[in-house]
Each structure stands twice: as structure tokens, then as C-alpha cells.
Ligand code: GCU
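Just the one chain here, laid out as C-alpha cells, in the form predicted on its own.
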Amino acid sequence: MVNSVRWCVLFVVLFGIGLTNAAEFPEFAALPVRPELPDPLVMLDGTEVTTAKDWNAKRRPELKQLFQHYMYGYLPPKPQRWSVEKVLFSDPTFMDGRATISESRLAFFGPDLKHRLHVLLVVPNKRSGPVPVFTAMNFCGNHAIANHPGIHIPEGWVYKSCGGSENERATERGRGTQAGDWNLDLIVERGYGIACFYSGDIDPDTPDFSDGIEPSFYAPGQTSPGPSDAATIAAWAWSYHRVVDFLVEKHRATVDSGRIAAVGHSRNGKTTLLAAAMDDRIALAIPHQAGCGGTAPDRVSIDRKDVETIRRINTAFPHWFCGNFKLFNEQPEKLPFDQHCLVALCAPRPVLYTNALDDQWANPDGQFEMLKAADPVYRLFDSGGLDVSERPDLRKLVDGKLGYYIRPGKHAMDREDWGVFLDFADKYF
């Protein structure tokens, strides 16, 4: 147990027994200061969790509530109904006939959303049955992943840094400009598919709180987000779940619904981990260089200059996390969890943290410590966890259920990374 006694006593004294839902969670002012990591196997009322059954029945639901209440905001519910509004195209001759590429536009109802989610699906043509598939969110639009004339070009906002972007709008010149990040040829060659979508379809990555799907889920008369309403990362995680719906319900013939992985880089990696933590249908997760707010610890000194802190991330990207999370900018040690608890929510499914040596901003050492702190939860399931006690050497893959890899280089996603992603997936898929 990770320094559990003091935490248990504080919560029992301050808040009593039986805190089981968000309505009973303490206000920020009542939370005790706690520099050490909270024990993932101790409930808020001080009860220790000693079995996988109790983890799944009690602690895991509690942690899901805690993360949404204090950090990400509550994910919107699954729509009452959704449909494939249109299959925009399907081309079985992609990559010289080695793969079929298609794109579908999804619509959502109950509430009726004006936003449409475009899902680009690539699957190998040489297959003996349904294939494992990566779900992934991209930065610049599906058209940037592959230079194919049929792929939809986003009509709304895109980053000005995206290839071919003009006045923060995508253009034809952006087709294929990020193909080197995605390595579709390698994915197909290894027998995998990929289902990719653009984050801006659901919520553009801007501080504007009105341009995403979130206002559609507000209470009557509400015009701005409440302190625990869904923020952008929560909305993006919701998108991952809708892509899984699409694969499971519409592509059973080509996609193995038991072998769906999620992968994402940087802020998309933060989303990947949250999406996997909240949806067991994601069988494997790879949050790549996700750092603060995802895979790295929240409990770092607010004065550190070498890694991102929650004060910096909340200042630079106020829309990513819910209002409650801003309360912890100066006192992250008051959080009743840390990011090891988020990866623990994935137990016993495999999760791989991948990093780069020059990307110290993402705190690769801190990420390894989060895996170590989550290991006791994985051990409840008798299926393995983190198999090493020290951070591995460069380019040495630790491929236990809690995996880790660090390479030379910077903050990016490249062909070497995809080779590692596929090696890890091969072991479990």
C-alpha cells in the first residue's frame, strides 16, 4: 500500500464513511493536502480493496467518478441513436491493392448533434478473418493521413501548423502531409487495420467553449460549462467510444471487436488513456508521449521548469480540463488521485507508455513511476503488470501488461514508434 493510513484517517475524520457518488465528493477547500501518491487500492472511506472483484465493483467505479468530477468533466452519455449518414467512398485498390480504404460520416441523435464524425478506415485485403484494428485521433484531418482524393477535407477549424492550412482552414494542399506520422503501409503489412478521426469534428482545439458538442448536453437554460461538465478531452474520449460503436456494430466482418486498440500522441494520448479507462471494449491502449494530464504525475512542484505542470497546462489550454481541475493549479497535492489511478482503471488490459529522451516536458521518468504505482492493481488480476523496477535502457521494450519504451529523439510519432506499437500489440493480439 502507498502511504494509505494517513489518507484513510483524514478522509474518515473529515468526510465520514460511504462517499460513493459525485454529490458526496468534498469541496476543494475540504480536501486534505497530501504530497504522497494516493493508494489506488484504498477507497475514499478508508476501505482497503484486496480482490479483483472488489476493485471492479467498488473502487473502479469510484475512481471513474473522481476523475470526471475533479479533472476531465463527465463524459457525455452515449447517444440514444446514431447512424452512418453516408459512406463517402470505398476503394479496395488502395496501396496497390493491398488494402481497402473507406470513409464514413456518422450522425448522432438524442440529443441531435449538428457535428458529424468522419471515420477513415483502412484494412488489409489479405486476411483470413476479422483483423485487429487501431483507433486513433488525428490533429489535422483524415485527408492529412493519406493522399487519397476521396477523403473528406474538414470544413471547420484546423491548426495553423497543419500542412496546407490557410487561415486555420484545411485545403487540398494538406492531403497526405502527415502520412509519415501514420505509416499505413507498415500497419497493413503487419496485418492490422486503423480507424482514424479528426478531433475537430467533435470539438475544435480552441478555448471557445461553444463550438464543440458539449453545449448540446447542458441543462435547460445553461449557457456555459459547469465545474464538472465535460471539457474538450472528455468530448474527444467520447469520440473514441463512438468509433468503437461504429467498428463493433457495422464492421464485424472485417474488424475483430475483441482486438480493438487505441493509440494517440501528445494531447491525443491523454485522450487515448481516458477513453480506454472508461470503456472496456478498448482492449489495449498506447498513449504516446502523453505527459501532464494523461500519463505523467500531477504531483510535481508548481515551480519546476523542466516538465509541464497542471498550472501551466490549465493556463495554456483552459478548455482541456473541467473547471474543478483549475482549483488544483497551486496545490496539486490536494487531488484525491493521481495519474497512476487512471492507468489502473484499465486493469487487466495491456497499456504501453512510449516516450522520447529529448521530450522531458512530457516527464518520461514520472510516467514510469505512474506505472510502478499502478502495478498493485494489475497484480490483483494475476495476469502480470510492470515487469521491471527501473526505467529500461533506450530502445528496450518492456512488454508486460504495463509496458514502457523510450527512444532517442523528440516529441513526435514516427515509424520506429509504430514498429514498437505493433510489437506490443502482437504480443497480446
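These figures come from a predicted structure and were not determined experimentally. Numbers for residues come from their place in the sequence shown, where the first is 1.
Unshown form predicted in complex with this ligand; subsequent notes refer to it.
The shortest heavy atom separation between residue 143 and this ligand in the model of the complex exceeds 4.5 Å. Taking the partner from elsewhere, residue 263 is found to have every heavy atom lying beyond 4.5 Å of this ligand in the model of the complex. When contacts are judged by a 4.5 Å heavy atom cut-off, residue 313 counts as touching this ligand in the model of the complex. Interface membership of residue 270, defined by any non-hydrogen atom within 4.5 Å of this ligand in the model of the complex, is confirmed.
Site residues 405, 416 and 425 are none of them in contact with this ligand in the model of the complex, judged by any heavy atom within 4.5 Å. A heavy atom within 4.5 Å of this ligand in the model of the complex is found for exactly one of 317, 89, 209, 82: 317. The contact residue chosen from 328, 139, 337, 182 relative to this ligand in the model of the complex is 139, the criterion being a non-hydrogen atom within 4.5 angstroms. None of 337 to 345, 115 to 123, 194 to 202, 317 to 325 except one has non-hydrogen atoms within 4.5 angstroms of this ligand in the model of the complex; the exception is 317 to 325. Residue 361 is the only one in 352 to 372 with at least one heavy atom within 4.5 Å of this ligand in the model of the complex.
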